[in-house]
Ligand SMILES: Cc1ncc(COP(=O)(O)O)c(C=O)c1O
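The form predicted on its own is given below as one chain in structure tokens.
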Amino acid sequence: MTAFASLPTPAILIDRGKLEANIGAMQEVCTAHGVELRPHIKTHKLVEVARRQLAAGAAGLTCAKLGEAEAMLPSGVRSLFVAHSLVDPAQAPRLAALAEQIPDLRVAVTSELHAAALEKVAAAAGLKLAVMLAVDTGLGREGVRDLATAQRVAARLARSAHLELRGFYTHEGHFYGIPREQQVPMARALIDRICALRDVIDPALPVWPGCSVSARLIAEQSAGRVQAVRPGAYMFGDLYLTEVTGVMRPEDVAVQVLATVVDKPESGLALIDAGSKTFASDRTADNIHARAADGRDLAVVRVNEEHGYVRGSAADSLQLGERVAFIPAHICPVINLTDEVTVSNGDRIIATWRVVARGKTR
């Protein structure tokens, strides 16, 4: 920790070597199975990471909001999917501006009702938008729930002057609660479901699932039926990907939260200067917000805005002023809560990257 002794805390640390290894490993799996990688940038929100994903072979990027898409333009991306329900015609000028700069721009259609709203947005933008139809495969969020509804939406799109169906997507976020031994049969079932729906409507259209838990499995099980995957957190990692789902090794996690011990009010408890404004409120099923990265029995078990409550068998050995690096439960909100990240190469600090898409929720 010597290289980081002078850093103000809390600080978000990225190990460049692990980051690049994780990017390369996912790309290698996808390439080996003939599946495109179209990472979701909602996790990292960093142009520098997007550039590395594209340089490694990613076919394009996925964003949640127009603001994220706009922030990623300096990465050089040429193919981009905005995977969210756009309904406000006031967004039309921004959408048109993006279309001028992105040769392959796609947006989401998430329901019959949404298709009607998106038609108005596209008309206001003066565009014929390429759209991906959302299919619910178990999360219970956006997406058509059955074949009949999918067929009605597809028929509407076929009649539209401003929308063109170009594929199908799903976000299988419910995989985050699935034990490792159940993930392979569930991945196969997911592929069967969304491809069966696609094959009835148009077997030539691509299918793009998206989740860091299932991305490797779906690529490996695709057998030519899936054309792309859209994971978000795979290049960073967190407790959900290591402890909860087991799809990543703890030693491969590329991001840590560096915090300082600021008090020890009672035996078995230490307070750190990183709370919900650093870790957010996400936690694992056993109520852990973060765990010490060095293997000591130290866990953040509660958070206030500016304090983290650390318990565990090693809590009493902590000293005031001591720096401790933690792996958070869920990395996505952690990145969105910071202005910048500190990048290291081994024990040497080499760069500071600004989180350019932080707070881009519009």
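Throughout, we count residues from 1 along the sequence that is shown. Because the structure is a prediction, the values reported are computed rather than measured.
There is also a form predicted in complex with the named molecule; it is not shown, and the following applies to it.
Item checked: Per-stretch contact check against the named molecule in the predicted bound form, the hit in 198 to 206, 259 to 267, 169 to 177, 283 to 291 (non-hydrogen atom, 4.5 angstroms) -> Going by heavy atoms within 4.5 Å, the stretch is 169 to 177.
Item checked: Distance check, residue 86 to the named molecule in the predicted bound form, heavy atom within 4.5 Å -> Residue 86: no, not in contact with the named molecule in the predicted bound form.
Margin query: How about residue 233 - does it come within 4.5 Å of the named molecule in the predicted bound form, if we only consider non-hydrogen atoms?
Written below: Contact check for residue 233: yes, within 4.5 Å of the named molecule in the predicted bound form.
Note to self: Can you tell me if residue 142 lies within 4.5 angstroms of the named molecule in the predicted bound form, counting non-hydrogen atoms only?
What the structure shows: Residue 142: yes, in contact with the named molecule in the predicted bound form.
Check: Closest heavy atom of residue 33 to the named molecule in the predicted bound form, within 4.5 Å or not?
Finding: Taking the distances in the predicted bound form, the answer for residue 33 is no, it never comes within 4.5 Å of the named molecule.
Note to self: Considering non-hydrogen atoms and a 4.5 Å limit, which listed residue (163, 239, 254, 211) is close to the named molecule in the predicted bound form?
What the structure shows: For this set of options, the contacting one is 211.
Margin query: With the named molecule taken in the predicted bound form, which residues across 27 to 57 come within 4.5 angstroms through any non-hydrogen atom?
Written below: 40, 42, 43 sit within 4.5 Å of the partner.
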